[in-house]
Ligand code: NAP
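What follows is one chain in C-alpha cells, specifically the form predicted on its own.
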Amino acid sequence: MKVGIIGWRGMVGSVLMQRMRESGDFDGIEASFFSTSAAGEPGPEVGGKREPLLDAFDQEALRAQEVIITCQGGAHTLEVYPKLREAGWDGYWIDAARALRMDSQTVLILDPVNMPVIHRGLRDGVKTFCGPNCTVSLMLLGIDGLLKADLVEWVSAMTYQAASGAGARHMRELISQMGHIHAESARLVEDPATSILDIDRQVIDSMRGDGMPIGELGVPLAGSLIPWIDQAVDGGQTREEWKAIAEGNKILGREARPIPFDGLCVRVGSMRCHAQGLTIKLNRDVPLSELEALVDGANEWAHVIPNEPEATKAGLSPAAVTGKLDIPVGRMRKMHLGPEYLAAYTVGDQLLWGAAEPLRRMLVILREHLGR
C-alpha cells in the first residue's frame, strides 16, 4: 500500500511517527514523506532507507498515493484536497486538521467509541476520515461506557487545556514565561525572611510588566489561565466549546438525536494533556458502583481512579498521564443536584488519543478492510 505522510515533523506528526514506529505500522506499506518547505532533502529513515522528501503541493506525486495521512494543518488541506478530488483521485484521505471534519462526506474517527460508524462509512464508500477535536475525543473515551449503555441525557464539560493544544510555539512561550517569573523573583524566594506578600507582589509585577513574553499567547499563562480558546461563535460560545456538541454527536452517529454537550473551555499552564470536570445528567438513577464498572469496562484505556486523595493526586494529573494512552476517570460521585447527576473528572494526553493515535489506527483499519 502506497501511503503518503504530510506534516510528519510537526508536533502531532512527530507523535504519529513515534507511535507508527512503536506499533510496526511501517511494515508492509510503501511510505512516502512530503514537505511544504524542504522537498528534495532526505526524509526520515524507515526500514533502513531514507528517500528524498516530495513536494506536498505536487498533485501528481500526491495522486500516486493510495492513502494520504496529513498533520500539516487546515490551510494545506484546503489548498490541495479539493484539487486532488477534482482530478479524480479516489484514494483515502486521513486528516488531523478540522478543515473537513463537518463535511457530510467525512467520517470522524475514534474507533474505540465509534467503530460501527467507521465500518458503515467504509461500506458506503467514504474516502475521507478526520481525527476529531482532541478534547471531545478524550471526553468520549472517558465516558464511553455510559454512552454505550445509553445512560447520558446531557453533559456539561469544564475543560482545563494544556498549552500544547495551541501548538509548539505556545509551549515554548509558556516555558519562557515560567523562566521570566522565576528570574524576577528568585532572589526573594531564596531568602526565607522575605514576606510571601512581597514575593507575590513581585510575581504579579513580572506578569504584568513589559518583559513578560506574550507574543504567542497574548497574555500571561504561567501563574494564570485563559478562559477563552478559539474564535467566537453564535450564542456566546467559542468554537472550541461548540465542537463538543457538533463533533461529539457526529462521532457517535447521533446527528438526528443529539446529546447536548456544553461547557467552558479554559487554557491552563500545563504543557501536555487536557483535563475535564464533567457534570453528567443521567436519564435514570444507577448505582455508583455500576457506573464505575461501565466506565472501567468500556475500552482498554479508560479506567476508574478511586475517589480518594492519594489515588487522585497520583493518577489523575497531566504529570501522571503525559506520554500514555491511558484515560483515567476519577472524582466520580453522585451530586447534591439529584441521584441522576454524576460528577467525574478525566485527563488524557491530547497529542495521543486527541490527535495522532486515531490517525494511525485508521490506517490499520483501512488495511484490514482492504485485505492489505
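One rule holds for the numbers: they count along the sequence shown, beginning at 1. Bear in mind that the values here come from a model prediction, so they are computed numbers and not experimental data.
Just so it is clear, the following notes concern the form predicted together with the named molecule, a form of the same protein that is not shown.
Participant: Wondering, does residue 351 line up within 4.5 Å of the named molecule in the predicted complex on heavy atoms?
Facilitator: Answer yes; at least one heavy atom of residue 351 falls within 4.5 Å of the named molecule in the predicted complex.
Participant: Is residue 97 one of the residues lying within 4.5 Å of the named molecule in the predicted complex, judged by heavy atom distances?
Facilitator: Output for residue 97 is yes: heavy atoms within 4.5 Å of the named molecule.
Participant: Do residue 101 and the named molecule come within 4.5 Å of each other in the predicted complex, heavy atoms counted?
Facilitator: Yes, residue 101 sits close enough to the named molecule in the predicted complex that at least one of its heavy atoms falls within 4.5 Å.
Participant: Would residue 71 count as a contact of the named molecule in the predicted complex, using a 4.5 angstroms cut-off between non-hydrogen atoms?
Facilitator: Judged by the heavy-atom cut-off of 4.5 Å, residue 71 is in contact with the named molecule in the predicted complex.
Participant: If the cut-off is 4.5 angstroms on heavy atoms, which of these, 114, 164, 276, 177, is the one near the named molecule in the predicted complex?
Facilitator: Selected option: 164.
Participant: Just to confirm the contact call: exactly one of 301-309, 58-66, 32-40, 325-333 touches the named molecule in the predicted complex at a 4.5 Å heavy atom cutoff, so which is it?
Facilitator: Single hit among the candidates: 32-40.
Participant: Taking the named molecule as it sits in the predicted complex, which residues of 258-289 have a non-hydrogen atom within 4.5 Å of it? Please list them.
Facilitator: The stretch does not touch the partner at all.
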